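You are given structure tokens for the same protein chain in two forms, set apart as structure 1 and structure 2.
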Structure 1
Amino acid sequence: MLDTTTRNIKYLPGVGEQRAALLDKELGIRSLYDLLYYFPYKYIDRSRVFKVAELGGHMQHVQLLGEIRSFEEMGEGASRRLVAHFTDGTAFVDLVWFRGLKFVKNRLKLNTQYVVFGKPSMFNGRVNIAHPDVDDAALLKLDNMGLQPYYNTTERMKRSGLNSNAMAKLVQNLFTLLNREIEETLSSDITRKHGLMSLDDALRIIHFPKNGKELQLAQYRLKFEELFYIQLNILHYAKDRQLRYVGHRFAKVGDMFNRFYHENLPFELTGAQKRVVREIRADVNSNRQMNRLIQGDVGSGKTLVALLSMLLAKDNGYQACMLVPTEILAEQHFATLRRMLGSLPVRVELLTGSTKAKERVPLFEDLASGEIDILVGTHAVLEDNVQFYNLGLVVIDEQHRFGVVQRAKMWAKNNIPPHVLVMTATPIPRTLAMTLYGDLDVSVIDELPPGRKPITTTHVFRSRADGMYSFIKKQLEEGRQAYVVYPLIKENEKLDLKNLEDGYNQLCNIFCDYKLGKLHGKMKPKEKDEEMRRFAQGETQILVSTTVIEVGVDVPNASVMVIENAERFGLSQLHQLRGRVGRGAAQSFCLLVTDYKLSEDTRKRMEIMTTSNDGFEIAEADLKLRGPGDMEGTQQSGIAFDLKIANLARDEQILKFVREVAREVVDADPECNHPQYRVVWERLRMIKRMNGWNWGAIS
């Protein structure tokens, strides 16, 4: 059978070299397979014929059957247009063209039955349809029309004649070229057991459905398959790792853990922290490698749980390493761990890109000899010359800053791969977690430690900024500090954003009695670190910044977060920024500043932020509003996220279901050699090759 994955799109009738280049550049369609899986974004019912008398300017696409009684050319120059007066006997409607006037007039005849299709609107009190589809009624069989597909196309494509109708014709040409049934990609027991229609039927129907019922069945089949293979890849990767790698066994809870727990704990652990520590202990005592994700809002106590886990490693004769994304965060974790441990005989050291060569030599020697118990570091730890004596546990802070490849590099630091504990303060919806971190066991810390007060969030219109500045001054007078965050650095007239430079100068005038710092992504790392250090030590009272402070240093004294142009941020990012304050005992505040005129979506976001402090609730809402492609961290995950038809916000139930189906396949055939599942494993290999899924057990 014709291999659609390798056959170039230019060989499809109706394409050729020029159109192929356009399809590649605009839509990434290079092969017949790409076109086959380029699905319509909506469908219009072509079975119903409206009466002209029923029309109004508020309607969606309509279909009419009638005749053109006369033509009229109106306007001059660029505003010149052709108007056809069309009727079905109940009333008249104007059909209007602004381009190709001569072509239209030559093609269409008076007093001939036509089927007209388009979107009605009102102009000067008359109903008109601009640039409608007009077909000879004698040639168009309305009974066979069904639902008409609409494909997303770009302006450049439309100018070259590749509009939605042209795309539909290319897909028809493709099915003609295939001329036989498309081979099945799921095993027969899966399709039979779960009542799925064949792939051939699903692909033909998704492009050209006759009715809504068969369209739903086709969509379900294709969503099932898309999500099934993502989950199959993740679960087989996890299963293969589980079978291949034994884990270090931390059999005992020893002296360091117990002394810290009973003497050094800054406060009683919350119920959620205790639950997660129990889950970690069960993992590290099981003879298998732990790969666990801890999700918890800012301030929920993840670092304390990580330290208890590292003390378990120490008590069992192993070293631990904490990997963090920035130098300043590494320095903060280093200082926090040393402070927490107090006089306990646990040696903690720091390694970053700034660690001097003369300091590295003794550090590397002590690490290799086992003198160092815990190493806190940045990407510098991943270098080959960093060798451990017996690395038993790796803690990764803010996982989305480190891909799967970096995680695997840490495995190579020991003959037996160390346990891996991943921490993130980015709340991740369940569906996204199953897909981004599906190879990890997930723990959630969903309680804040005692004494932490919820942050008060207020939506402020810019016209009332004076009152906001007065409020900030009161906070500063009480000895507190404030962040002011802007979305961009340089002026951008198109977006009409208040930029950081102007904002900084304005704030310097308003708060002339205080010291201000400025921070943005174009600064050198040392400059950024110095600005954060000055703010953390209270040398500056206001830090004016872009979102580079989203994952940043803990400044308990900062009690105000002002987010300018809050409408430019998604919910998860707003929540992350808000989490920079509320780290001390004082009441903290987040002020979301916008203009008065806002879209409906923006108003919803502001309402959610002002009524909820629950990161997971906010992340779920963000996924629904924005979709997975815009969620923080998806691009760094190592998993291709270009979903063709499934939607993680809407298809949670399907995702949960197919995950269990994929689990059944992996459990039944962990070695991928059962004849029953041959088609499944072959399909997964093909998908991995095409999508560049560069990790996982199947290659």
Structure 2
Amino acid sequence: MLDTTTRNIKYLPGVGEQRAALLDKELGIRSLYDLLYYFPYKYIDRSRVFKVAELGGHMQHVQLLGEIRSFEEMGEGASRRLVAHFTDGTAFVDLVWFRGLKFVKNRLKLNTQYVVFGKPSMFNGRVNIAHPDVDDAALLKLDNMGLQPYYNTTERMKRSGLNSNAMAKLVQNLFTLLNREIEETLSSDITRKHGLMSLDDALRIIHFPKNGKELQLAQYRLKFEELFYIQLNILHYAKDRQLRYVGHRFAKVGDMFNRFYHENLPFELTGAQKRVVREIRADVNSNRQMNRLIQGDVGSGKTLVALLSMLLAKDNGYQACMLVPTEILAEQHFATLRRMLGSLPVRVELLTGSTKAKERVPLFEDLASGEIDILVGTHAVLEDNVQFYNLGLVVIDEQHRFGVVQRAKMWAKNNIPPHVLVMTATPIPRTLAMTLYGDLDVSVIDELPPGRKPITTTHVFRSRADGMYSFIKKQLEEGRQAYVVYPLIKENEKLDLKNLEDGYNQLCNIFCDYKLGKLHGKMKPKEKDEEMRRFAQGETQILVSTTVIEVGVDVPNASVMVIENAERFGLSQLHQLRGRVGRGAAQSFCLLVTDYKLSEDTRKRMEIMTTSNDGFEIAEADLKLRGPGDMEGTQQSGIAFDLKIANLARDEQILKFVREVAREVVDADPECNHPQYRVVWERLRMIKRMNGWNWGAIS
């Protein structure tokens, strides 16, 4: 039988070597299967015929039925054109060609019924249609034209004749070649129970639908399937782990936890913090391995929850490790933990990329012998040579920069995988959470410590910066501090650093009565530390910086966050940065500086930022504006996000539904051996192979 996944596209009639190379290069289409799953991005209804009298300048594509009364050649040079005066008896419209004039004129006859298809526009007060499709009405059966598919193609493809129409032809050829029903990929009880059309129907219809209604059913079936397999994979993974491993049991609440809680804690936990600590305690005392996600907006006090959990580990004879995405953050957490623990006999150490080889030797020894209780570190901790004596808990703090793959590395650091707490500062949209963290239980810290005032956010045009500077001065006079953040991206590093330098110098002039600090990723860790320390202790009043301060940094006295070139930041990043202020009792401000001219997209982002302080709302908006592939963390997640048809921003309902369907399958068939689900597990294996999802339980 013809295996579409391995059959090279070049063997499809109409393709050949050259086009195959082009299809691969431009769209990544290599096999027949790739083409089969290359879906149209839109459809145009060709079942309706418009009257010429109905036409206006702002319509989508229309279809007309009528005759050409006369031709006229007009204009010179580039504006030379052929005009055909076309009518259906209700009015006249000009059909216009700028290229291939002779060819068109020779082909088309006067007073013959034609079907014309194109997009009307206005020119000199007259409606015309440029370069329309013109077909003999006798040859075109309108009743079964249905919706015409449109495929995305690139400029290079179009130049080689591979336009949308040509793609449609190739797909037609593909169906002719297949000459059989495409095999079903969902089990029959699922398709029956949920009223799904067969895969064969769905694929034919998605390319060549007759009407909107059947198109919708086909889209639903294909979205269902796409999301179902992502959920099946992740839920089966979770189930398998649960069956296979018992968890380390932290049965007691001991000395360290109690002493810290009653003697060291300078404030009362919020209700949300207490609830989440209870949830964690239930998990680690349950004989199951904990895999829990804690979502809490910036400033909601996740670090403390992490520390309490790590003390539970210590009380039960286990080590704990806290993984963070940047060195600055690691250093800061390290300092915070040491400070909070005070004189308690809990040993905390730090490991980052810049920890010297000389320091590593004793560090690794003490880690392996169990003398270190808590290790704070960056990606450096993931490396195989970092061995623990008895790792019981891993806390992954801040952001979704660590995916399933990184988590799996940490599990491998003990015979029985340690408990895992993932903390995300930027709340992520529910759909993305279900996908990225679909195997985790979720806790939410939905309450900020008392006394916080919502941050006031204002959008400021560059040309009005003077007013902003006087405002900042007032804040500094009141004893507060300010951050000024500049964008920095790798591709543009030199220029960005220069902007930061220029900005810094300018600010030094404007704020000559104050002390300014400067911080960016190119500085040595020691220098960065020193700058951070100076700002944290109030020796400098303004910190001019790149986004290195984006995550976690905590200076409660800072009340102003200025973000320069705010248009260059994504929403989640803006929200993260804004979260650096508003951590003390004072009213805090975030000022987003942009040029006057803004893209529609930027305008929307500024509007959302100035009207919402709610991280979840912002994350949802971000997903809608950018799409999941661009969301931070999805790249490293180990999950393919180039979904072919489903859309995580729009298909939340379907996603939630299929998650339950997938859960039923996993619960009914945890060992993957029921004949009834054989087709499902086989399909999952194939998808994993094709997408390179090399994690998870089924292989």
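Numbering runs along the sequence of structure 1, starting at 1. In this text, rigid core is short for the largest set of C-alphas that superpose within 1.5 Å between two forms. All figures in this text were calculated on a predicted structure; none of them were measured in a lab.
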Pick one: is 1 or 2 the form predicted alone?
1
Residue 200: CA shift of at least 2 Å between the two structures after core fit?
no
Tell me, please, whether between the two structures the C-alpha of residue 74 is shifted by 2 Å or more, with the rigid core used for superposition.
yes
Would you say whether residue 155 is displaced between the two structures, judging by a C-alpha shift of 2 Å or more on the superposed rigid core?
no
What Cα shift, in Å, does residue 87 show between the two structures once the core is superposed?
2.9
Quick one: how many Å does the C-alpha of residue 530 shift between the two structures once the rigid core is superposed?
6.2
